[in-house]
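Below you will find one chain, with nothing else, as structure tokens; this is the form predicted alone, and questions on how it binds or moves follow later.
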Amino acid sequence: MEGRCRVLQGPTIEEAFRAIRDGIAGRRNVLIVGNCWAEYFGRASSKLGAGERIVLIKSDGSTLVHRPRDYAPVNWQPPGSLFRTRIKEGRLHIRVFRRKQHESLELIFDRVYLVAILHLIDLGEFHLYASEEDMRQAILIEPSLVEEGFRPVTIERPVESGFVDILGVDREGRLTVVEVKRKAVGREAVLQLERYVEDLRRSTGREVRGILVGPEVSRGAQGLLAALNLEFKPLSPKRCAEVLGDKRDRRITDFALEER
């Protein structure tokens, strides 16, 4: 990190101003710790009283204001924002704004404890893997992940021995139990599915299919599936994450008017 990280501890307002101005101009990541307050004007308006906070200005123009508690920023501006940095009446002012959207975030510091100017490089590829609940939601969105013609009817259906993840019907109208596993399917999962299928056969008097869905099946479970006339359908958490991501992308405008 030598030559790519500059840290000022206890800088004066003038020193902080120069470092922050140059860091923003150089498209660096800028970390500021100090006592500040904030005013936001845009789709709504808000005022945040004085307090010791962490401000992160990223190289893409996004800005986040964090309190010493809670994981979410209390104020923020998205990528592509513009900046105006100045000193007024002995205080450091950082204005983060977007002209077309007519919104701005004004940060005012009367004390700065630390400034870090960071030249960071991140070329790593991000992989998102879904939970079992995410996998269930992905199947509800795109039932063909199980098989063509599958139609979900309900989730978490109670039966005598537990709760069925997804209950639906196949293309031939047969009642179908779908049990979802995030990891490799083992013998216990097969026996669990068998119990659910038998419970539904007894309670409905209908023919019931049982399908285990997961990334892979263990060798010991393959024989047991065949012996119990149950089925396995491969489905990776990654594929489910992609389905959920596509759904979120299609609905991104739903959050455009989210209040701050």
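All residue numbers refer to positions in the sequence shown, first residue = 1. Keep in mind that this is a model prediction, so the values were computed, not measured.
Another form exists, predicted together with the DNA; not displayed. Remarks below refer to it.
Proximity of 131, 162 and 219 to the DNA in the predicted bound form is complete: all three residues have a non-hydrogen atom within 4.5 angstroms. Although the partner is absent from this view, residue 226 stays clear of the DNA in the predicted bound form, with no non-hydrogen atom inside 4.5 angstroms. Under a 4.5 angstroms non-hydrogen atom cutoff, the DNA in the predicted bound form has residue 76 among its neighbouring residues. The closest heavy atom approach of residue 72 to the DNA in the predicted bound form falls within 4.5 Å. Looking at residue 195, you'd find every heavy atom of it more than 4.5 angstroms from the DNA in the predicted bound form.
With the partner removed from view, the residue among 183, 157, 111, 84 that has a non-hydrogen atom within 4.5 Å of the DNA in the predicted bound form turns out to be 183. The contact with the DNA in the predicted bound form, taken as any heavy atom within 4.5 Å, belongs to 187 out of 93, 187, 119, 174. The stretch that touches the DNA in the predicted bound form, counting heavy atoms within 4.5 Å, is 76-84, out of 76-84, 111-119, 144-152, 166-174. Along 35-62, residues 40, 43, 44 each place a heavy atom within 4.5 Å of the DNA in the predicted bound form.
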